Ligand SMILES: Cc1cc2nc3c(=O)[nH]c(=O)nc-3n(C[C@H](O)[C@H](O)[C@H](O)COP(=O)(O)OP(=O)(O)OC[C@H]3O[C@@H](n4cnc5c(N)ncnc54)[C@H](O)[C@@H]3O)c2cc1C
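Before any questions on binding or motion, here is one chain by itself as structure tokens, the form predicted on its own.
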């Protein structure tokens, strides 16, 4: 079986959903989307409180890292969405653009079009702010993606946590997307009417999917690309046990920071030595494919037993992020270097004690701009060969030092008098853990992914970049990558908002 499209999008996750919707607005453009998973059918996906239980289900790729030296040799679970909507069907729904200066490195790498100002229209086009506090930052928007700003719904524990922060000098913010990021606010959430809104819910509505020039092919997993010189001719897919060839004038990878580099490498685009070790013939020498892997970590967590029952969350458990300068909590400008989060539930890493739900709350903490860099590589030539994922977590001394500061900041907030009415006793790491060595040992056991892998097909004007400023794979005329893998560096917070803005920006440039 063979099909042909003007544009073939690989992956119907956050970026792919945006591209499919926007590119198919041109009725003359025949757009195809191939997605390994299916349409969402699990009702738990729509329940904002159920997100921690979604991992490991049939629509999760359920990747695993190799053991990590600086996290007690632990193997980390890496959930990634194998479903229409991708990881926006699994994540915790926080919507954070990032600090404007986060994107200075992007502009330096690939031009001003990827600065915060260059991405601003993409952010604006995507968002529709709702809730009692919508419009506080002067931008409600009419985009397809609902961004809910909660007010009355915020837990009293979280309100006490934010009060502790402001008493320590942390600036209160109307929301995390109103300009400066340093400060505290209830989270902006991709929720509508009490239900999760995935990017597919927002962009691939029934009306969009009914367009005659848009074809969504679910249950299609890419084996490799068919290449001809400097062109990508077709994608070779497996669907229902059969092999299909789907050709296109342009092929756009939006499969995410794990799958996009893996498919490129299975197609022979990558480091010749890495490909040779996996039994793959090298067609195009691009040594940086799969490198520059970055991810945010959070320590799970600074856990407290409560003096009185903790009311169930009316949102999605993790209700407020607090972005800080670890050297000065009262600083109001510039990029944060650490982040805290208040979860009205037990949130402890495997093997660590936590009281039962309703009897506890947790302060998470992490580093906003990790300097450790890892890599992803195939273990074999086929789509069934599990990838080797090595994020090199906490490999740099700076990351370990900053993480210590983050945990100490969490405890400073957690022990503030504003939380006296709730705090009974600190359970994790426990009052006996005080020295640098003891804190490092706890972080090694507690650090877990914040689910933000990025950077494995980074954009840039330098010779080593995988894609150019137009997000075209170097060495190919019609092959592009548009997803988190093109990020030169991580923004401060959750990456989904930036993924959507990158896709919106790239799509607008194709018109």
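Just so it is clear, the model here is predicted, and its values are computed rather than measured. Residue numbers count along the first chain shown, from 1.
The same protein also exists as the form predicted in complex with this ligand; that form is not shown, yet it is the one meant from here on.
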Worksheet item: 414 to 422, 110 to 118, 399 to 407, 256 to 264: which one contacts this ligand in the predicted complex at 4.5 Å, heavy atom to heavy atom?
Response: 256 to 264
Response to the item:
this ligand in the predicted complex has a heavy atom of only one listed residue within 4.5 Å, and of 70, 476, 61, 442 that residue is 61
Response to the item:
In this chain shown alone, the residue from 222, 376, 246, 197 with a heavy atom within 4.5 Å of this ligand in the predicted complex is 222
Worksheet item: Are all three residues 11, 87 and 495 in contact with this ligand in the predicted complex, where contact means a non-hydrogen atom within 4.5 Å?
Response: yes
Worksheet entry | residue 324 within 4.5 Å of this ligand in the predicted complex, heavy atoms | no
Worksheet entry | Close approach of residue 122 to this ligand in the predicted complex, 4.5 Å, heavy atom | no
Practice prompt. Spell out, yes or no, whether the shortest heavy atom distance between residue 370 and this ligand in the predicted complex is within 4.5 Å.
Written response: no
Worksheet item: So in the predicted complex, does residue 499 come within 4.5 Å of this ligand, heavy atom to heavy atom?
Response: yes
Worksheet item: Using a 4.5 Å cut-off on heavy atoms, which residues of 55 to 83 contact this ligand in the predicted complex?
Response: 55, 61, 79, 80, 81, 82, 83
